[in-house]
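Below you will find one chain, with nothing else, as C-alpha cells; this is the form predicted alone, and questions on how it binds or moves follow later.
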C-alpha cells in the first residue's frame, strides 16, 4: 500500500532517535505496557505481536511473561535498540499497514500509541485484524483529544514571540482521521471486524524531573520536538523559559513534576 505524505513525515521525524526517545518520552509511553498485556490476557507460549515496538518496552514485558514475542517497528534505530534490549523476541522492520506475516499468525496483538503515527489508521487496524487469529485478542492505545494537561503543557509552552511553524508539516487528512474519543476509538476497532469491543480511559500522573522532560522536545522527539528544533536558538530559549514557568504549577515538594495525563485503551476479539 502506498505510504502517505503523513507517513513519510513520521519516518523523517523519528529517524535515528531511538536513544533520545528511550531517555525521554519512552518512560511516559511505557506506563500502559502492563495494562495492554493484561487486556489481552497474554499467557506463556502464546504468539504475541507488538506492533510499533519502539524501544521494546512492551515486547520486553511480554517476553518476561513467557509469550512468544514478535515485534515490528518502522524505524531502523528503534529495531536495533529493541533487538539489543529483548534478544528473546523476533524483532522485524516493517511498516503498517503492510506486515510480513500470514493471516491469523498471532494469538494476541498489541499496539502502544502507534495509531497516532500512521497515515491511515483504518487500514492499520484492518491489518492488525488480518494477522489476529479468530478468537484472538487485541489491545491498542492512543492519546486522546481533547488533550490532557501534560500534552496541553507543550502546546501552551510553544506559544512564544517569534515562533515559526514549518510550512512543510502536514496533519492527518480529515478523511483518514477518526475521533480520538472512547466512542471514536472503539468504532475504529469495530469497523475493522473486531467484536466485543470496549474502550477505557487510563489516567495517571507522569512524575519526572523538569529538565529530563524538556530533553525530549529539545532533541526533536515527537511533533512537539520537531517544532522546537526548527526554531532559532533565541526562540528555543523562550520556549524553555515558558515551559518552566508553566511546569511550576505541577511541581511537587520534592522538586519533581507530577503531570496529569491519560490514554485511551481499546480492546476487542477477532
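Bear in mind the structure is a predicted one, so any value in this text is a computation, not a measurement. Residue numbers count along the first chain shown, from 1.
Here the subject shifts to the form predicted together with a small molecule, a form of this protein not shown in this document.
Visitor: Tell me, out of 131, 95, 192, 157, which residue has a non-hydrogen atom within 4.5 angstroms of the small molecule in the predicted complex.
Guide: The option sitting close enough to the partner is 95.
Visitor: Among 101, 107 and 137, does every residue place a heavy atom within 4.5 Å of the small molecule in the predicted complex?
Guide: Verified in the predicted complex; spot residues all out of contact, no.
Visitor: Do residue 118 and the small molecule come within 4.5 Å of each other in the predicted complex, heavy atoms counted?
Guide: Yes, residue 118 is a contact residue.
Visitor: Is there a heavy atom of residue 224 no more than 4.5 Å from a heavy atom of the small molecule in the predicted complex?
Guide: No, residue 224 stays farther than 4.5 Å from the small molecule in the predicted complex.
Visitor: Applying a 4.5 Å heavy atom distance criterion, does residue 251 contact the small molecule in the predicted complex?
Guide: Although the small molecule is absent here, residue 251 would stay clear of it in the predicted complex, with no heavy atoms inside 4.5 Å.
Visitor: Report yes if any heavy atom of residue 113 sits within 4.5 Å of a heavy atom of the small molecule in the predicted complex; otherwise report no.
Guide: Yes.
Visitor: Out of 61-69, 48-56, 199-207, 233-241, where are the residues with a heavy atom within 4.5 Å of the small molecule in the predicted complex?
Guide: Checking each option against the 4.5 Å cut-off leaves 48-56.
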